[in-house]
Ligand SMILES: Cc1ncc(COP(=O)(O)O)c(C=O)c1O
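Taking the form predicted alone, here's one chain by itself in C-alpha cells.
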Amino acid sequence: MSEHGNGSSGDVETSIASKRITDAAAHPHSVTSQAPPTAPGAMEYDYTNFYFGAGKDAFALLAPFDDWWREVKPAGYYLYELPLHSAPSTRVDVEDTKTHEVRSGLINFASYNYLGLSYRPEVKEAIKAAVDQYGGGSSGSPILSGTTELHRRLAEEIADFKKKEAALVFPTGYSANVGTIAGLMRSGDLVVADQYAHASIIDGMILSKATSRFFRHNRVEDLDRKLSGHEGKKLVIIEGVYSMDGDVPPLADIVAVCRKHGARLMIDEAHSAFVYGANGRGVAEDQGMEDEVDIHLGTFSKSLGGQGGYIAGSHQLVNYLRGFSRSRFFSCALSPAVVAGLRKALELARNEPELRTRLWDNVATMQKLLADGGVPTGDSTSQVIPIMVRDDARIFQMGEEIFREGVFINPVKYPAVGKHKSRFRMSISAAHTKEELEEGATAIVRVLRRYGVCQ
C-alpha cells in the first residue's frame, strides 16, 4: 500500500513478534479454509482476515484470499498500483485499470518527488551518460564487483552533505533500515522505536532478535519508561517526518532521555532529508541536534526522486556496518545510472535552496486551502499532509470520485495505518503551481463534502 506504513498500534509494550500475532488474532474473523466472504460484506474484510489459516498446507490461504481479492479489487482496491504513463511530475497520465483508459493530466499529489528533481533535464542527461559508460546494472554486490567510482563518490558526497565522517549507500531505504538495525543490535540488546515507526524499522528489529519495545508516538515520558530497567546495549529509533502523519519529533527532549539512559539514537530522515533545515540536512539540522544523533539514515527516493538509501555517521560505524549489514552485503548494488542521477539531484538540491523555499510556500498554500475547506489534516507540519477521513468502509468510494475529478492521490487504510484511521496521503512538491494546488484542493473538498468529511 505504501512504502512507509505505520508499524505499530495497540499495546506498544508487547514484543514485535508477539505483537504481529496479537494484531492478527485480535480480529474475530480470522480466515481458515472455509469459503471466503461474499458481497456486500467482502469490503468489510481486509488483510488481517487472511493472516492465519488452519491446516498443514502453506498454500491453504491462497485460494480464499484470491477469491476475496477478485471481488474487492474492482470495488476499490484497484486504486492501488495504477500504472503511470508519464514522469512523476505535478500532472501525470495514469492508467485506469477499471476502465482500461489512460487519464491524462491528473494533478499529482501521490508521488514523493518533493523537489521535482526526478525529471529535471540535468538529472536525465547524467543518467544517459552513465548508461553509455556503465550500461544498465551493477552486476555485482557492493563488496565484490558492484561498486563503481560513481558509488564511491556518492557516498563521499552524502557524508560531506550531512557533515559526517562517512556514509554507506544501500540499494533501497528499506534495506538501509533493516541492515543497520539488524547489523548493529543483537539478542539481549534493547531497541525502542516510536509506535509509528516504518515497517522497515520493525523488520530490522525483528531480524536483530533484540528485545523490542515501542513508545507512544512522540511521548517522551513513555520513552523514558520503556528504556528504564535495561542494563545492556540500547538503541532508540525515531523518524524525522512520520510518513503517514506528516509531523516531526521533539528531538531535544528525546536526546535528553537517550543520554539519561545511555542509549544510542538513530533517526530515519526519509521524508525530511534535503528539505528541512537551513541547508536541507533534515530535521536534525532544523532542530539544532545534528551532533546529538548517532546514526543518520535517509532515502534517495523522496526528495531526490531516485532510488536507494544511506546511513551517515562515524568512520567506525560505517566500517562495521559495511561488514555486518546483510541487506547490503548480499544485494546487488544500485545501478550506476541511478547513482549518476542521484549525484546530479544532490548537486541541484544543494545549489538551489530556492527549491526548498518554494516547497514550503506550497505547503503553506495547501494547508490554508484545506483548512478553509474544513478538511481535517491532523498534526502535519510538513509536505506530507494526511487528509483524515477515518472511514474505512467508504474511503475507496471517495478515492474513486477524487480520481475521476482529476486528482491522483493515494487512499490509505489498514495495515498501512491503524483501524478506523483511514486517510488520503497528500505529497506536495516544489514544482506544483499555485493553480494546480487550488484546482486540486477544490476537487478534493468538493468530493469530501459529499461524504460529510468537511462542512
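Quick caveat: nothing in here was measured; it's all calculated off a predicted structure. Throughout, we count residues from 1 along the sequence that is shown.
The next section is about a form of this same protein that is not shown, the form predicted together with this ligand.
In the predicted complex, at least one heavy atom of residue 198 sits within 4.5 Å of a heavy atom of this ligand. In the predicted complex, residue 161 stays away from this ligand, with no heavy atom inside 4.5 Å. Interface residue remark: residue 236 is not counted as part of the site for this ligand in the predicted complex, having no heavy atom within 4.5 Å. Shown alone here, residue 308 lies within 4.5 Å of this ligand in the predicted complex, counting heavy atoms only. Contact annotation: this ligand lies within 4.5 Å of heavy atoms from the stretch 293-301 in the predicted complex, the single such stretch among 293-301, 250-258, 79-87, 339-347. The contact residue chosen from 138, 113, 177, 383 relative to this ligand in the predicted complex is 177, the criterion being a non-hydrogen atom within 4.5 angstroms. Contact with this ligand in the predicted complex, defined as a heavy atom within 4.5 Å, holds for exactly one of 212, 335, 243, 325, namely 243.
Although this ligand is not shown here, in the predicted complex the stretch 136-175 places heavy atoms of 172, 173, 174 within 4.5 Å of it, in sequence order.
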